[in-house]
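Okay, here we've got a single chain as structure tokens, the form predicted on its own, with questions on binding and movement later.
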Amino acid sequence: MKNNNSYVQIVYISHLNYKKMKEVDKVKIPKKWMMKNPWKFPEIVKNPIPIFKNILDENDGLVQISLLYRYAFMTDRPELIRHFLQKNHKNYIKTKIVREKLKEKIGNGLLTSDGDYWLKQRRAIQPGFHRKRLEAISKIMIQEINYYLDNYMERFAETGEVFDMSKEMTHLAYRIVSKSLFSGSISEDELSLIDQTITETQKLVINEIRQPFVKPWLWLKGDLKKNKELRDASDKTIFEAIEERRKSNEKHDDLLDMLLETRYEDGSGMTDQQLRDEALILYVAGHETSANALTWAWYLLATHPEVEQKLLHHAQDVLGGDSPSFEKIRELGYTLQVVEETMRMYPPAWITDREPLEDDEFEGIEIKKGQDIIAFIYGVHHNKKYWENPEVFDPERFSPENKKKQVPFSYMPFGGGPRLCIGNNFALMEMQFVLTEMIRRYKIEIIKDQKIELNPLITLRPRYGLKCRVKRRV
């Protein structure tokens, strides 16, 4: 995505003292802030993470910001985040951005729905991610990982050419989630169409969020019409796959089968529109997030050779010459620690938000109805109050003994509360498989003197990619 604006367009920021937060409804944010600090705005637009972190560190983990004429809280305090994501979650819904932007483009699935409908869908779909289903999907994952390594990474090893790991991990994650969802029901060309649709739709949504006043221009240029045509063609492909699968008696043990087999309390199943919405949400949620986490993992491993060697020896000891499998996943403990520490340092979902339905209060903090509250996940993961030397890459933080010491909601790469990502086990298994297969076959070398910089879009990417070379291990 070429647009470098942040996930939310920040107009100005007001620092509030924590002790005065109980009077927040009386506090007026001065519109002169940006006039006094005009030099800050380009920094916020390009990468708000350092500024957010600094002002939260200076203000007891709680500040107020203005988002296009709407005031919102931002916090990196785990106790407050736990309050609105878990303890009083029924009073909080997805924000207007999700309700009006994402839902319009990608449908009313688990990511975008709220209330009774979301609860109904979650209760119906959750059992589908059971052990036997994940075991079947694990075989699809391994097949796609090995196909990718044999046909793509092997070529890079043979030629020695420089490649962008970010693009390669996106391609691999795309293949894994595509095959896990649709198995053999959709052709390669049709899968590419769906991928293109999702990519272009995300760009359009992000542009509308960051630059809401350009929507008329997008309409005049025909971008909105072109995107609608692309989405219609993609939907046609998915609906045809659903119809074909309904008529077929074949079992594929993929996620589409899981959705088709989902039953509500009255015994009924999902409509074709519901199936389309949930399939697309699983595709979107399981694609870019895993790719970004894997990219950051290779960056950290390549710059921490002692961890790379430990992970290599661990994978060799556990698997020998065999591919990873569902049965062996529990033995890949250190691999999981590497994945978890990567997502602490570079959480794919770096921020999340909610809107209160009614006035709320937490430890003297008054949260008004309609006033968005934002959990700055990156800030929580890098907070010295909860993590010793938070800028140091140390997978030992996630050893079984150390995990017990973690403060609830100080680590939340998959969100938290009832809306914890339904595909978290899918993603963790996928990333462990990719790391163990690749690290045993190849050594990743990062090209020196390249600029590594955060690019916080909807997910947290490396702004300029990650240029690498790869060599076969002897």
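Values in this document were obtained by computation on a predicted structure and should not be read as measured data. The first residue of the shown sequence is 1; numbering continues from there.
The same protein also has a form predicted in complex with a small molecule, omitted here; what follows describes it.
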Residue-level question: is Arg122 within 4.5 Å of the small molecule in the model of the complex, judged on heavy atoms?
yes
Taking the shortest heavy atom distance, is Ile51 within 4.5 Å of the small molecule in the model of the complex?
no
Taking the small molecule as it sits in the model of the complex, is Pro348 near enough to touch it, meaning that at least one heavy atom pair lies within 4.5 angstroms?
yes
Do Tyr71 and the small molecule come within 4.5 Å of each other in the model of the complex, heavy atoms counted?
no
Contact residue in the model of the complex, from Phe239, Tyr264, Phe129, Tyr117 (heavy atom within 4.5 Å of the small molecule):
Phe129
Among the candidate residues Ile106, Leu301, Leu282, Met169, which is the single one with a non-hydrogen atom no more than 4.5 Å from the small molecule in the model of the complex?
Leu282
Quick check for you: of 222-230, 197-205, 362-370, 348-356, which stretch puts a non-hydrogen atom within 4.5 Å of the small molecule in the model of the complex?
348-356
